[in-house]
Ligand code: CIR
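The chain below stands alone and is given as structure tokens, in the form predicted on its own.
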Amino acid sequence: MRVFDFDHAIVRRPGRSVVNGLRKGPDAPTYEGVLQEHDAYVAALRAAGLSVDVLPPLEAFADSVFVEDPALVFGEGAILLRPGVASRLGEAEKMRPVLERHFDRVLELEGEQYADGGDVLVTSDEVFIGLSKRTNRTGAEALAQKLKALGRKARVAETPRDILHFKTASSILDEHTVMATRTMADSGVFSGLKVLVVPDGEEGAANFLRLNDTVLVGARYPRTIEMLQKAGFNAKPMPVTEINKIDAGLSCMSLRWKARG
């Protein structure tokens, strides 16, 4: 089974508080814009063959639409994480009953163990855990042990400076290939893997999402889409203008797995 083969997903509908989500830029998204883009995202998941569980909004947590940060899921089980920003720490507990409905094993981080799912990149051989402002070494090493309990090998890696999340700047394209920004590619973290570099000026395209035989890519990045299509990939442009105004991208809006058996 390929690491990007999925048949199930969990998403959370954005609340109106999403306009107050964490962001670096001065421009706030509109609620209507985020909702429209999220609806298109859910439709794309279903079109790629996934059954999607849509959770209700959590108005108390502005960033809760980004369900991948407080949890990780695999066919073997799930892990509740501890996002490394105070405003998001309560999200994992809200995910607990959801995960317990789907998985027999639900592990969890504790205490000062901070790790965001946006810093976790799953490849066919190992799981990269990137250190960042949201993932500390204590959390990364604890997460590596939880992954080992699920039968997964992990590697703790340095995320280049000024990159928010490991997957902000890199995503899995096929079993042996990662596509990344030039900064991430030049860091040498992906030794042993083939690395494609996104076109200069389209660094945001490095956060794409491979779902079975479909690759979701921000519609704002035409040169990346063209590059993927010429390489034989089914690249589907996605609206991300409003979502990109928050500290987020395509991968963080869903938890994805393939049921065992």
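All residue numbers are counted from 1 along the displayed sequence. For clarity, every value in this text was computed on a predicted model and none was experimentally measured.
What comes next is about the form predicted together with ligand CIR, which does not appear here.
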Task: Residue stretch of 43-51, 195-203, 62-70, 209-217 approaching ligand CIR in the model of the complex, non-hydrogen atom distance within 4.5 Å - done: 62-70
Open item on the list: With the partner left out here, check for me: in the model of the complex, does some heavy atom of residue 130 sit within 4.5 Å of ligand CIR?
Closed with: no
Task: Any non-hydrogen atom of residue 246 within 4.5 angstroms of ligand CIR in the model of the complex - done: yes
TODO: Spell out, yes or no, whether the shortest heavy atom distance between residue 139 and ligand CIR in the model of the complex is within 4.5 Å.
DONE: no
Open item on the list: Residue-level question: is residue 164 within 4.5 Å of ligand CIR in the model of the complex, judged on heavy atoms?
Closed with: yes
Task: Sequence-ordered list of residues in 22-44 near ligand CIR in the model of the complex, where near means a heavy atom within 4.5 Å - done: 22
